[in-house]
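This document starts with one chain, in the form predicted on its own, laid out as structure tokens.
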């Protein structure tokens, strides 16, 4: 048995209003990833750790997600990216914070995991580590897109709170829309491979207009990402609340108290996060093969590969899966 699940961020209040013009491209990206990696994971060609790394790398290259190219801009109009990764076999982990030139932050985090020490590197030191280890470096301008610039412009002009325009697809068209919710666009993946190994990975550009030096939950092991012998978890939402509850790790704690009920554990954690303003979602896979993809927001971009079937979703609509071999 092998399973791969993805998320592309969660956020918003009220009922989902249907797809934006850019949403089909986001879902198509997920479908391509699942179609390519699912069979390789099941056959044993790649393990869980490599599957989540490749999946997140692909989403870092999709400019409509808030990770890698297409990351949102901080208050100084620069892009600062975070990523973390963890595996079940030895709870090894790797994390990079505020990188600016590494094309695939998740691969840098993967290298730190495999190196064993240190677990986390920050800013220029993290980029330098990635470059020394042969990872592609890009010019800062390559990471920026017209959409993210328009979202930053709108955030700046409105003197709004950080993150308020992160998922405003219409900002690039100069439409005068209401502010959109913060917290969406972060990407993540969790996997169970045919040998029973688990892995989790998360990557983000943070929040539009975030203050310099701000660190969210994504690069923090136990907050945005967690993986142990029982479960792999990747979170998305308002990072500060996920940090304050150690949300990803708390899923594993809850699972110990109610084995074989992953959905209840994830929902319990989201209930803990919610009073702190931490709206968001979780994707998780247990060692026994349970899958949970709950969210307490308007939407969460998500996808799942299991037993040759692929399904994707955005709002509360039922998954419409199809068999792909």
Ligand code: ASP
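Here the structure is a predicted model, which means the values were calculated and not measured. Numbering follows the first chain given and starts at 1.
What follows is about the form predicted in complex with the ligand, which we do not show.
- Checking 97, 238, 150, 113 for any heavy atom within 4.5 Å of the ligand in the predicted complex turns up a single hit: 238.
- When the ligand is considered in the predicted complex, only one residue from 244, 156, 214, 78 comes within 4.5 Å through any heavy atom, namely 214.
- Contact with the ligand in the predicted complex holds for all three of 186, 204 and 207, each having a heavy atom within 4.5 Å.
- Shown alone here, residue 218 lies within 4.5 Å of the ligand in the predicted complex, counting heavy atoms only.
- Residues with any non-hydrogen atom within 4.5 angstroms of the ligand in the predicted complex fall in just one of 137-145, 98-106, 230-238, 120-128: 230-238.
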